[in-house]
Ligand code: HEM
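Coming up is one lone chain in structure tokens, specifically the form predicted alone.
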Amino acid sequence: MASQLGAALTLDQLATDPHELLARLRSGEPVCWVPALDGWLVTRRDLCVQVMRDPSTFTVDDPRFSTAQVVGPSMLSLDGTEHRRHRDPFATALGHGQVRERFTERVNEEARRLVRDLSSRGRAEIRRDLAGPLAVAVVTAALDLPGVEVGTLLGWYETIVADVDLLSRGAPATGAGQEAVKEMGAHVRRSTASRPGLLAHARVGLSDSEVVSNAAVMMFGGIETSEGMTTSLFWHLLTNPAQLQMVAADKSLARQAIEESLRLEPAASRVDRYATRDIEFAGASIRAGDLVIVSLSAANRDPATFVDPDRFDLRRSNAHTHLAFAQGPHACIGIHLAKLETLAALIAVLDLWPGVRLDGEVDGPSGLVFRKPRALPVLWGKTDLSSP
């Protein structure tokens, strides 16, 4: 069933630098069976959109869905009316107007505090010192989880993500992720019983276990993807110093930089669906129950939509049409909060770390599902931004 190229693909290739391979698939076999993934890989943008917008044919509601195996049924793993019942309380609270009103000042202050506290050191590691702590603070605020130690929240998050990643690779989960969800659930029940907030509001239409499952999805999704998109943004700018200078000179370009970075390296490289029926799709004979993987990474570099798609270009007029937050009924509900968070981090660094630049050689983004630079050491001082 696999083509020669699909049969040759390995998980390591897809996790390290997959873009050339994905481009070859996109041009030659845009829906391709990949044995290493045990599924069909969709790489052309228009076909990716079609899959994401058709939940009646390509569903998330399948017992093999990796996240549901760890956290239980949630907005991420349900379709139809059940999906809307789980999603609506959270989506309403995270709309653009609500995010702007409730979080702008808080997120900006937290980003500046983190950056300011690091300023005297003259060096930092973007992912662990800035992007990660900021993501944790924002998720804690969004979920209104008082009294949770940062280390505890990070422990839940890292354990859940680790088990989801194992399942995505076809390996068995450890079970530790489910234990983390139970611990989180106990705290959520205590918090929502005594104070108003997003999770207490969600209990009106959801059971306690459903609130916890959705909170876990928001927690690991909010931390993992926000940390990734912030770290990748700095990697793109720091490895393109001329464009970093442009943003430093004109901060109105910061939002465009975020869109272009998301296009080139979405924090979540793929979304998974399962075929509900036999279908002939772009030359592929997909059978009911087959895993269908939408490659957001490949879709975002489709030359039919993006000219010179592998280049980071602040002046790209259609960068905002990327699919980094997916499309259709499962489009990410945290899009506005995530962009606010990354923007706050970038502006704070440009204001408070003059001459910020890479501290040595660094590897680019990697990861089979969740992609980001694993470490991004930087330093700052009076050196010109264009210095290597």
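All values derive from a computational prediction rather than experimental measurement. Heads up: residue numbers just count along the shown sequence, starting at 1.
Below: the form predicted together with this ligand, not depicted.
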query: What is the one choice in Leu244, Leu264, Leu233, Val271 with a heavy atom within 4.5 Å of this ligand in the model of the complex?
result: Val271
- line: Contact with this ligand in the model of the complex, heavy atom within 4.5 Å, among Arg189, Arg102, His201, His83 goes to His83
message: Just checking whether Phe325 would be counted as a contact of this ligand in the model of the complex - the rule being heavy atoms within 4.5 angstroms.
response: yes
message: in the model of the complex, is there a heavy atom of this ligand that lies within 4.5 Å of any heavy atom of Ala338, even though the partner is absent here?
response: yes
- prompt: Might Arg87 be said to contact this ligand in the model of the complex, defining contact as any heavy atom within 4.5 Å?
  reply: yes
- prompt: Quick one: is Val292 in contact with this ligand in the model of the complex, heavy atoms, 4.5 Å cut-off?
  reply: no
message: Please tell me whether the candidate spot formed by Ala36, Cys48 and Ala298 is one where all three residues come within 4.5 Å of this ligand in the model of the complex (heavy atoms).
response: no
Partner-proximal stretch of 124-132, 202-210, 247-255, 72-80 relative to this ligand in the model of the complex, 4.5 angstroms, heavy atom: 72-80
task: Note that this ligand is not shown here; using its position in the model of the complex, name the residues of 297-335 with a heavy atom within 4.5 Å of it, in sequence order.
output: Ala324, Phe325, Ala326, Pro329, His330, Ala331, Cys332, Ile333, Gly334
